[in-house]
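What follows is one chain in structure tokens, specifically the form predicted on its own.
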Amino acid sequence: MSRDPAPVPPTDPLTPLHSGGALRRDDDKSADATQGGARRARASSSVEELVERLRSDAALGRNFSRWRVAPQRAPQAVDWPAALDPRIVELYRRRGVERPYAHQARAIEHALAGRDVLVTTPTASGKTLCYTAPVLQSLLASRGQARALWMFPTKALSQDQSSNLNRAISDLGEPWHSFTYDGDTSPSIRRTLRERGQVVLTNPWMLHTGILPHHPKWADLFRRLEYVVIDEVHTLCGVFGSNVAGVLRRLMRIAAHYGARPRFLLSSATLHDPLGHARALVGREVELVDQDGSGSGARHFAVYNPPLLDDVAGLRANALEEARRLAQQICGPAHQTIFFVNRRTAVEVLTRYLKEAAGELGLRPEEVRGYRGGYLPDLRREIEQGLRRGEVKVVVSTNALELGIDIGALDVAVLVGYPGNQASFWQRAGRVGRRARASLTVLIARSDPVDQYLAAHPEYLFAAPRERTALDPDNLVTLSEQLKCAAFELPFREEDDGSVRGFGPSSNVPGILDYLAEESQLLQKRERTWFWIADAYPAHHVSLAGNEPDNVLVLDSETDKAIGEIDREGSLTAVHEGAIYQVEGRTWKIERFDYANRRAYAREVDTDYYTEAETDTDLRVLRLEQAAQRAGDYAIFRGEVHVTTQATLFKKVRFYTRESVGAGQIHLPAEEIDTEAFALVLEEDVAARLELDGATWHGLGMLVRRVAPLYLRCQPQDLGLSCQIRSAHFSRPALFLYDRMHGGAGLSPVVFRAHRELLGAALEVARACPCRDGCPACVGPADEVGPLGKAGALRVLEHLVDGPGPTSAGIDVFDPPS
């Protein structure tokens, strides 16, 4: 097993380079210097030399607001646990692992002692060994009779880990079977795994729909199941995580039915409350291993804040354009570079830019690749192999390459915008500098409130996580859906005290089962036992992500060949008629969208523009559950709402210049969801005194929504926003932040608890922003919020943050009139 060093948070102080100074675009000499410096950088393979050139570059250097260096760190190696089988010790020694890291040894000791374990050390710190060694031990001790189930968040990660595990099994000389079980697994391998597969590697969706509902076929697995391995548990949050928690309760219920009680071996990036997250996920207490003992090469971190183009308006150069500019320095044949962007469109735009500039970078166009969800599996595997072999020198990716897929040892990572949370930041930074090599990570700050906050406060990235992870396995919607699936698999029995065991501590389970029997008529209750009686196969109709399970396939209209796919929600703004659909710099125009049958038909075109869509949202309160107020001032609420979203029009945006060159209407049905929301409501006299208007209120709401990822484990797009200057429900100004998932993602309760911190962060961002009247980095452009919009938002935020917070005493929570 390779010894990959970890991207641990550095401990040395941040180094500010410049306190100010905007770069103007008429500096031709600086641009020439950048080109010359780029050629020199491409001739060097040293990260340290590249860093020095960036810091001293006349055109770019002044825009690096912070530099930080984590020096090379020696590993903390210890002896192998005495209880570990000598054959496993010898296996790893032959692979060059003479002694394990301290955290690896602790995790193995806990596992061998029969405890559930959670390892939260950084990317590339060797977490795989922490769960592989105990599983191999159980197989050796049982002479291959034990079974293990490994679960990863993606098919690609399952397949990657399967290769490593099979090499270990082969080196041990044992005839064990270990394969991935997903939609691509052949029928013959599926039979082998069911009958005599020692280790089954899968993902949450296949466990949900392909294994648990068919547990009689997997009886041998469940009867002998000793370990359940779950990797990347920090990704299991929101609706998806809440549903996976239900899937795991179904798994444990079925295992108990066959007489087994497997132990959990969990791994994760750093979490705000790791023990609480694990407890909510698996329903049991776990042992936490969070002290990293791995070594690390020197790691350089930089924050690049694009230059101000207009001091008064606070406008900065576009982050994607600055990434293209930086590429002249950091891309070349001597090293590998990965660009992380946050949107699929950005992958395609930047990939196109870099392919067209490949000759200037000393590269061939085929050495520059894009990578994102929606690419077909064969194309993704081709790109991954090219990265491992060093044939791909530059890759532009969304979070699809954020997780632990083996893509070799890259040298430079450029994050075009903050990814939304600290875990993702460190996952992306951890993709470079592996195997004790020096590395560079650059964060390019966008004109966005969170990015500008981090440009001014980069210490946030290196501090302990503040983001609260939303995970609610007792959410009524997700719990009901999972109980349907569980009842199909095994009957539920009522205990003497009226409770139902085997599905967590929720007191709602008996009531939901009664509802499914009496109202939905999916169950029948006989002699205190609920039986599934419907013909339907429920798991097939329950999406773990909380949305419709059907994706949209994008087809070439001339050949009917698939060129990509996209989720149902994303299809409304990405594959409507007239949309430009992109794959690695190639452009197709959507000619027809068969909404009912989930097919979009496209024709390849040569175009100089791409498209961006806009939507309208309507929100209606259904029920309020929690409230607090500051008397005579403002109140906060949490409850259920109905949200209607309609894609309305799209803009044509020219490549490079980003000028608008046209627009068109979108004619698609509206999407409707029932979800959870947080509401902040101002008293009318307060709003009048603060001279609040609709544009100011909307700008304030946009700012609060966009700083939310500082305190929530979410992306800005996970939260929807509705700003109503006079709410139909409250008859007062109301600001709603809602979960953009049917049934809710568990975010609104966290916003309810953390709303004062969000308001404080929003106020700090607005105060620090250099613009006069408003800009994209704070409340929004002045032409959207009005000339007094920023001043008005500051007045409201200062008023809300000043003084004590609201209390729940004397507040009535009420439902709207029927």
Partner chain sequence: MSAPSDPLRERLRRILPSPAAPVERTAASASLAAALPSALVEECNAAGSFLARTTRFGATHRHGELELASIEHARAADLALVARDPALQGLAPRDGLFLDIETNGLQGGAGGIAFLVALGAFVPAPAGERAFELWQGFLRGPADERALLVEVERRVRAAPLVVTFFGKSFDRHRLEDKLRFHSLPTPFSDKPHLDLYWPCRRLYGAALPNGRLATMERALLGFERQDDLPGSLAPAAWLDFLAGRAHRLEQVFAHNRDDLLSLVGLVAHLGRAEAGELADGRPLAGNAETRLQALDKLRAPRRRR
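The model shown is predicted, which means the values in this text are computed figures rather than measured ones. Numbering follows the first chain given and starts at 1. The term rigid core refers to the most C-alpha atoms you can superpose between the two forms while keeping them within 1.5 Å.
Missing here is the form predicted in complex with its partner chain; even so, the following discussion is about that form.
Taking non-hydrogen atoms only, Arg93 never approaches its partner chain to within 4.5 angstroms in the predicted complex. Its partner chain in the predicted complex comes within 4.5 Å of no heavy atom belonging to Phe655. Using a 4.5 Å cutoff between non-hydrogen atoms, Ala357 does not count as a contact of its partner chain in the predicted complex. The closest heavy atom approach of Glu321 to its partner chain in the predicted complex falls outside 4.5 Å. The listed set Gly502, Pro213, Gly373, Pro262 contains one residue whose heavy atoms approach its partner chain in the predicted complex to within 4.5 Å, identified as Pro213.
Listed residues Thr398, Asn508, Ser727, Ser722 were compared with its partner chain in the predicted complex; Asn508 is the one with a heavy atom within 4.5 Å. Taken together, the three residues Glu52, Glu348 and Arg568 all stay farther than 4.5 Å from its partner chain in the predicted complex, as judged by their closest heavy atom. Note on the interface: of 646-654, 213-221, 589-597, 411-419, the segment with non-hydrogen atoms within 4.5 angstroms of its partner chain in the predicted complex is 213-221. Residues of 506-523 that come within 4.5 Å of its partner chain in the predicted complex, judged by any heavy atom, are Asn508, Gly511, Ile512, Asp514, Tyr515, Glu518, Glu519, Ser520, Gln521 in sequence order. For Gly744, the Cα coordinates differ by 2 angstroms or more between this form and the one not shown after the core has been superposed. After superposing the rigid core, the C-alpha of Gly639 moves by 2 Å or more between this form and the one not shown. A displacement of 2 angstroms or greater separates the C-alpha positions of Arg568 between this form and the one not shown, with the rigid core held in common.
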